[in-house]
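Presented as structure tokens, the chain that follows is alone, the form predicted alone.
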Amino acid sequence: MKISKSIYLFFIPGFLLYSVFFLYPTVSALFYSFTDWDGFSPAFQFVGLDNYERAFTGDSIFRKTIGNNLKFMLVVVVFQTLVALAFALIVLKNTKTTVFLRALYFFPTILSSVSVAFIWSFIYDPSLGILNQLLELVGLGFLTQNWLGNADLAIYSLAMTQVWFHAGQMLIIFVAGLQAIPQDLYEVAKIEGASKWQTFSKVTWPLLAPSATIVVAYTTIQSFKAFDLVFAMTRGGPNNSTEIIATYIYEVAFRGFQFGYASAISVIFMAIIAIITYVQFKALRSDRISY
């Protein structure tokens, strides 16, 4: 079939937007990563790979942000996937509370990140927070903590806030995946006498692989790009224990006025996300799934 050349005109607006908001910033970041530009001065010097060498060998805070980001990502990916899947299985049951539960689980998603940060900062408050009061109420007072002030726990406290905030989005993806599974397979499993666990492990989970792949990949990217919650709740403290790559780029660029170095970190950041996402898609590939 011969395609008219005029059809390419329809791609021009999209390509222009893509070029302005992605290609140009990406190429600019790559260019300035080889300079000592301070972000304001018209003059700058090329420093070659010095910024990259500094990031990997001379900047202990940057290396710490990578570790913090990996901890944050692992907790968010595991818990957000499990919570969203559990909620999806619950809301698919045809009960009188289904609509209410769907609205309840999706509710956090409609809140702004600043509102969520304020709510959870109050929940985690060591003296007035609901979490510590609940622990005291059920006899677990020995577990009470300064959840955002403890350098060993703060990053995990932020991760659980992220899980609560975005699990509703992943719920929608899992619900769509579950609804696409043919009901005939469940009827066959029931006739064969399969238990609920066997039905889930042999029918539901394998056919849910495409949805799980999307959820895991999206959650990973979302975890690495997290900025607003961390910045609003801890600003990277205490003692850089919650400093992640995105907040560190902000600190270096807009408070340290080292745009050249911040650009180098951004390029490394982009490469880390690309590598992890590629590995996940290869590991969770679902092109052999068929009904």
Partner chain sequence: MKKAYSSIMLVLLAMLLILSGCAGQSSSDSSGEGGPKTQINFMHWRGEDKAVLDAIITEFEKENPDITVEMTIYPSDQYMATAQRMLQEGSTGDVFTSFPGAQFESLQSAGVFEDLTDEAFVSNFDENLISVGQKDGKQLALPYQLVFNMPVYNKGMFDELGLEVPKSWTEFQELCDTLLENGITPIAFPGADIGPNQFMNSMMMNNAPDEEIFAKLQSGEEKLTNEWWVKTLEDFQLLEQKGYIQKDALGTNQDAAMQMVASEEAAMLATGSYHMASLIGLNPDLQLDLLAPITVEEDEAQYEGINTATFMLAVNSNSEKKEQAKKFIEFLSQPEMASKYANETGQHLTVNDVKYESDVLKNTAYWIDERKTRFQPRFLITNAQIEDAVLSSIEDVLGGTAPMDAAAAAQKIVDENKE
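Positions refer to the first chain, counted from 1. Remember, predicted model here, so these are calculated numbers, not experimental data.
Another form, the form predicted in complex with its partner chain, is not on view; read the next lines as being about it.
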- Would you check whether its partner chain, in the predicted bound form, lies within 4.5 angstroms of a non-hydrogen atom from each of Tyr24, Ser201 and Ala274? no
- Since exactly one of Gln258, Ser266, Asn69, Asn51 fits, which has a heavy atom within 4.5 Å of its partner chain in the predicted bound form? Gln258
- Heavy atoms, 4.5 Å, its partner chain in the predicted bound form: which of 161 to 169, 105 to 113, 118 to 126, 74 to 82 makes the cut? Say which one. 118 to 126
- Contact of Val279 with its partner chain in the predicted bound form (heavy atom, 4.5 Å): no
- Message: I'd like to know whether Asp59 contacts its partner chain in the predicted bound form, with contact meaning heavy atoms within 4.5 angstroms.
- Response: yes
- Query: Any of the heavy atoms of Phe44 lying within 4.5 Å of its partner chain in the predicted bound form?
  - Reply: no
- Message: I'd like to know whether Phe224 contacts its partner chain in the predicted bound form, with contact meaning heavy atoms within 4.5 angstroms.
- Response: no
- Heavy atom within 4.5 Å of its partner chain in the predicted bound form: which residues of 131 to 147 qualify? Asn146
